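Here are two versions of the same chain, shown separately as structure tokens and labelled structure 1 and structure 2.
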Structure 1
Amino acid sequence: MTSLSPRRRGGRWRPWLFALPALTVYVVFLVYPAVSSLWFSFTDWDGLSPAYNVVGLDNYARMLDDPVVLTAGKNNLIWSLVTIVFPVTIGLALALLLNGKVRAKPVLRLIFYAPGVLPLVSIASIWGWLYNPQYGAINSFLSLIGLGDLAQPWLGQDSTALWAVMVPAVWLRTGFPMLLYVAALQSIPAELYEAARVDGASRWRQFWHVTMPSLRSAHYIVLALSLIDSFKVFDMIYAMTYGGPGTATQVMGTWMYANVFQYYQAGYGTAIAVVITLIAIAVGIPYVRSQTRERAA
């Protein structure tokens, strides 16, 4: 029975040695914080003191009776619906426009995509100034054209705050689906449109029977990534309203942050974070499985 030489035995571990730095970073900055958060979600830890008690599922049960969690969950659903439907629809329309005979396509793509790469804090500051009830550009413009009665404290009242924050969110999220749709449109064979025209299909019928079916993969990617991103919303709302006024713009992410860093209820806050993570994973699993099947095929 032959045994492996020391050199061959060392070669078996060589790939792991090369992967060790990346694995270390992954474990330290992802696995360990995730496991720690899961553990603390079963405790009453305040986030500061070394002592805490294990409370089991009490934090999760508390979420069911927390009216702010119910409000935040509802706002998350509204946010997801609006910030998916409008950016995806507008992005598809822009992609169809840029896929046609339009001048300065690269410049237009840059203009439409630029908001998506700007710092969110900068975007929040700009739109906060636009919404300012005293000297904001929106109310000033309404007064200028004789519609001063429509001027509102856009971020300062329950009825308009969430919708006002969603406007810049739609604006900055439109560029990403636009780019994906542009790439997908350019991959559609021209022969399909030629055959449709030979059969007498109008532009509208070509869109529904050629373009839309050919964009099925792009639709799935755009919707899946947009849905995952929408459930993780935090920074835009926190920078513009801090979840207020009251709880009008509170979402799961901001309520989690408030419990951990403002109310010193880290155990309860991490339980909310775990729920957010599980929702994101549940939404992402079908996307990952579809991508895996496509690559295997």
Structure 2
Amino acid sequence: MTSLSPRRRGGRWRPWLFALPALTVYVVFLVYPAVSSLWFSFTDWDGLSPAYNVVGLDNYARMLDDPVVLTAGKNNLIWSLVTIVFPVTIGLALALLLNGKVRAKPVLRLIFYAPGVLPLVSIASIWGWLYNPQYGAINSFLSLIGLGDLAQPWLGQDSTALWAVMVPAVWLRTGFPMLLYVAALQSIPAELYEAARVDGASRWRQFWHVTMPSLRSAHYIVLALSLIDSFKVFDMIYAMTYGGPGTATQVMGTWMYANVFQYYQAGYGTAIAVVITLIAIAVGIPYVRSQTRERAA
């Protein structure tokens, strides 16, 4: 396929010179630590004392009896679904808007992208204020437009808390897909649309048969990014609800953090991390395979 014809000089080891620096760093600081975490998950290490015992699969067995693990797993699933689908669709919609005849494009792009660069502490405080049941802007706005009945203690009850955290998550993660889509849309040759119009294709058909296929490589990048962020969700929840109320918004990441860093159960916490990583890998494999497959362009 796209690789060049057989090497003329040098051996087959030469490409490794290019690969080695990145691979070394990758193995030392990512693969190796991840694998040694696997080891800790078979121990009862408290994360503090110098000594620990090997307990085999006990930590994994324990997870079956831990109701929080169930909640966390479910939350992870909902979270991933929502925070992949919405930022990507909204990002695409905004990109289509911004690719049209709108004025002041650079300013608008900056506005939609800006939330993505904020540190999480600020997002947690700002949205906390907005969600305040009595004095927050969201409930005030709902009453203003006559929907006062819908006003809720958004972050204060199990039923809405997770959804309430997802809104700012979508808010801050829409900017980048938008940016990429804007770039990708601009590189679609006008001739393609003209040809489609000549064939009498409606705008809708043009979108599906010209726009979407041309955005394929953008889709891949956007999906990769969403995939990374979604499964590993940690800091957003940590900052906004601290897993609460109760344990209603715990995800595997925060629950792992609590166990390793706060409950002195590093062994158990690591086992949780291992499980979420395995699930993430399992879900990620089809995507990764699609990326490694030779592309039939």
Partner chain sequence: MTGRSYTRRGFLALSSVAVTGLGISACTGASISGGGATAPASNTLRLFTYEDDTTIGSLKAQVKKFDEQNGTTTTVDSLPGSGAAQYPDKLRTELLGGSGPDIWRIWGGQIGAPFAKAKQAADLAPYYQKYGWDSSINTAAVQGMTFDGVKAGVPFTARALGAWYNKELLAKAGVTDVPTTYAELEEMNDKLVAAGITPCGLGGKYGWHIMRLFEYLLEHTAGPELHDRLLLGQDSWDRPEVIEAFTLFKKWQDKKWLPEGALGLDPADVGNWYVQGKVAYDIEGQWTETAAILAAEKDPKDFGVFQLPTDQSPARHSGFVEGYMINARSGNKDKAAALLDFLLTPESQKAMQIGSSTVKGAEPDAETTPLAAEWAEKYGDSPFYTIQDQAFPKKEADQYFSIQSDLLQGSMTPAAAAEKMQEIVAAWAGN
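Just so we're on the same page, residue numbers count up from 1 along structure 1's sequence. So that the term is clear: the rigid core is the largest set of C-alpha atoms that superpose within 1.5 Å between two forms. Since we're looking at a predicted model, the values are computed, not measured.
Form predicted in complex with the partner chain - structure 1 or 2: That would be structure 2, which is the form predicted in complex with the partner chain.
How about Q157 - superposed on the rigid core, does its CA move between structures 1 and 2 by 2 Å or more? Comparing the forms between structures 1 and 2, which are aligned on their rigid core, Q157 does not shift its C-alpha by 2 Å or more.
Examine S36 after superposing the rigid core and state whether its CA is displaced by 2 Å or more between structures 1 and 2. Comparing the forms between structures 1 and 2, which are aligned on their rigid core, S36 does shift its C-alpha by 2 Å or more.
Taking the rigid core as reference, does the Cα of F141 move 2 Å or more between structures 1 and 2? Yes, because once the rigid core is superposed, the C-alpha of F141 moves 2 Å or more between structures 1 and 2.
How much does the C-alpha of T277 shift between structures 1 and 2, in angstrom, given a rigid core superposition? T277 C-alpha displacement between structures 1 and 2, core-aligned: 3.3 Å.
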